[in-house]
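Before any questions on binding or motion, here is one chain by itself as structure tokens, the form predicted on its own.
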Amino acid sequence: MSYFSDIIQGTKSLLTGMRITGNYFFKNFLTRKDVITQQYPDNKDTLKMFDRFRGEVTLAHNENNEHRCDACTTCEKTCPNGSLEVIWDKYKDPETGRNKRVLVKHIYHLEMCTMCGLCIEVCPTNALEWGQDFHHASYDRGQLTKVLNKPGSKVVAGLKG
């Protein structure tokens, strides 16, 4: 007996769903209302993502091509799956005479990133932030590895490190 009642219940549920979809379709079709659905490939140039969107991790640069990363490697140590690599070198600071770290390359492996945001939260200098780019479809995994610091960039003056 429960077999037939399951069939009747499933058919009733299906018809309810079809009724809701049909009402939405015909209501918008007859009134010529704008549809909320966006045609992604066609509106690629005008599409703006929401502020809370987690697209990729970026290293913020100002207008003078300066960043806030002091190569402390906290983000690299915190990342659960090794998506970040911080390559740094030491140089002698002429003012203090002490050795200081300087960022050589900040490498980001997007193909391994789970977008957890731990690297952004733990950064003591707030150098990392979420980007808005989401066009990452690629046939080559090598294109998903990015260098975050721009060529010729340097650390913001006065940053303690």
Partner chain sequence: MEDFLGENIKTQEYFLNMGPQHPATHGVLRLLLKLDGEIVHNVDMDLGYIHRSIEKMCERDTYKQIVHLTDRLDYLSAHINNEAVCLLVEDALNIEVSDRIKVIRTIMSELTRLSSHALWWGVMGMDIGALTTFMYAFRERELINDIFEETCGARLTMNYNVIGGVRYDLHENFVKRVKALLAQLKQKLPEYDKLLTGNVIFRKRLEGIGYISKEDAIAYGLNGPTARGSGVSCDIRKIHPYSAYDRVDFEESIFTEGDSYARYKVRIKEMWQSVHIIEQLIDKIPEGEFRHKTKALIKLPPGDYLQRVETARGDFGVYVHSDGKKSPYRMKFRSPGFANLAALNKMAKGLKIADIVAILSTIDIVVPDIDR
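Positions refer to the first chain, counted from 1. Note that the rigid core is defined as the largest set of C-alphas that superpose within 1.5 Å between two forms. Treat the numbers as computed from the prediction; the structure is a model and nothing was measured.
In what follows, reference is made to the form predicted together with the partner chain, a form of this protein that is not presented.
Residue heavy atoms within 4.5 Å of the partner chain in the predicted bound form occur in exactly one stretch of 48-56, 90-98, 103-111, 64-72, and that stretch is 48-56. Not displayed here, the partner chain is approached by residue 121 to within 4.5 Å at the level of heavy atoms in the predicted bound form. Interface membership of residue 142, defined by any non-hydrogen atom within 4.5 Å of the partner chain in the predicted bound form, is ruled out. For residue 137, no non-hydrogen atom is located within 4.5 Å of the partner chain in the predicted bound form, even though that partner is not displayed. Among heavy atoms of residue 116, some come within 4.5 Å of the partner chain in the predicted bound form. In the predicted bound form, 77, 78, 79, 80, 81 are the residues of 70-106 with at least one heavy atom within 4.5 Å of the partner chain, listed from first to last. Here residue 10 counts as shifted, since its C-alpha moves by at least 2 Å between the shown form and the other one after the core is aligned. Put the two forms on the same core and the Cα of residue 143 is off by less than 2 Å between the shown form and the other one.
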